[in-house]
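Okay, so we've got a single protein chain in two different forms coming up as structure tokens, structure 1 first and structure 2 after it.
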Structure 1
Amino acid sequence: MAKTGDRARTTAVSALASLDFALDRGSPVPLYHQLAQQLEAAIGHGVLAPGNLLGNEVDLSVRLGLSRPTVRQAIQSLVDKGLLVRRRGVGTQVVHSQVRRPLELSSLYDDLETAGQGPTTEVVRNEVVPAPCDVAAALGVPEGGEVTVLDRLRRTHGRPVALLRNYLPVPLLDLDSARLEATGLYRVMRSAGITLHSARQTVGARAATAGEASRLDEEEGAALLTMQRTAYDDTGRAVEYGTHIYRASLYTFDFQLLVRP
């Protein structure tokens, strides 16, 4: 029976063999950067999947007709981005493709599932609490009134990528933890007849606390992306207030900017 590592190597070799590296030696763009870009694109499109091994630098340099330092620099740039990892006794391995999420009113779960990122959810907290002043203001409820707070840890391919905290008015819907671990919050809301219409959203960044770093498999002080969002239904009612944090090494927001006429 083939070992798991042997299967990964075979898959990676066949995946690399199917790639058509277009390296322009006359371009001002350095060869290592061209190679890194094309490897990153292959990872992003799933041609090179998490767990695939790339083989050693000597084999790659011979196959591509590049110097070993050029190949090493290309690989190191993707290691620095967190897309590849060097494992002793194993070789260079694909870790993941970075999550790229559009800035629109959508569910993280739906976006990850559509992108083939294999999302899973762990419900850490699901309880009714008095509304803090910022939550009360966002949801239009009395300060100290009852709201449901929901904390979830979202993973892709088994790796933690985000900590999600959401507050919702208690009468809105029944939030069953088992169901929330099987699907996304917005799907649960839609199935309850809630039509999401718009949202106000703020994106920022800060350093991870010790507790956040432990849950997200990061170092304390690592860069995190932050997002605060208040979502409204088609009647204008505030139905959800979220404060989320994301690993900056694994996650980006995509913006589309239009020129105002």
Structure 2
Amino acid sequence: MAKTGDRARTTAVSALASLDFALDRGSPVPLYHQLAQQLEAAIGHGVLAPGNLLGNEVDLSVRLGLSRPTVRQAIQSLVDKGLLVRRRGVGTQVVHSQVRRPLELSSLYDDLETAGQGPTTEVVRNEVVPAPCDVAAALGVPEGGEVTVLDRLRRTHGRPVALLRNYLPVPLLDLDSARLEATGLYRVMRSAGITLHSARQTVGARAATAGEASRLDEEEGAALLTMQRTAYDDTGRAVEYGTHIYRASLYTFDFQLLVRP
């Protein structure tokens, strides 16, 4: 009799076989990316269930009218995202659901993507000052040189959750406070032509000072999460340095790690 393994395999292949992928060769978006998006959507909708095998790459490429390298490139991008697992001699499987939910690191995700929503951000301060020592070192500008300092208070459900302080080199862009509150720092930077490449972050904790406590609606000595970040553009210039504090009672950093083989 067929065992569960056989049944699963049959189901998997037919599930994929019944899918029709719409590939548009005239589109400017690459074929491998079109395929990857549609595979990801199929996984997201549960059409391809966890554990399902994808069927071998050669058959897939023939059925789609693509070359095998192109199909591989699509599959590889989903493997890199942690959605699929390849095993030599076995096949390509959809990863089990609990493992998925690829999250970005909360704070950077906020800055990159949040636009209004629940959380609101109030610009408390936005001015040009001489660079303190640590800021100058992080941004690679002379100590005492001009930098923009930006203080923001972030609230969720009306309660303060974070004090965000950012320093930016002055010549990069001018910061419109109203626009910042509406769209977030990274969106403003991006639309100014700054393409982010990478960032270094340090997360720690310490007790709240009296001033911090009052602004965050906490008690003095309450545990705070701290985060420092230096962000670089793709030419290697430091474009932002931030020192942020979060109410530990309301905020955590949540993220997923993928172990590279």
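Just so it is clear, the structure is predicted and the values come from calculations on it, not from any experiment. Each form is matched to the other, and the largest set of C-alpha atoms that superpose within 1.5 Å is called the rigid core. Numbers follow structure 1, counted from its first residue as 1.
Note on provenance: structure 1 matches the form predicted alone. A displacement of less than 2 angstroms separates the C-alpha positions of residue 195 between structure 1 and structure 2, with the rigid core held in common. The Cα position of residue 82 differs by 2 Å or more between structure 1 and structure 2 after fitting on the rigid core. In the rigid-core superposition between structure 1 and structure 2, residue position residue 52 carries a C-alpha shift of 39.2 Å.
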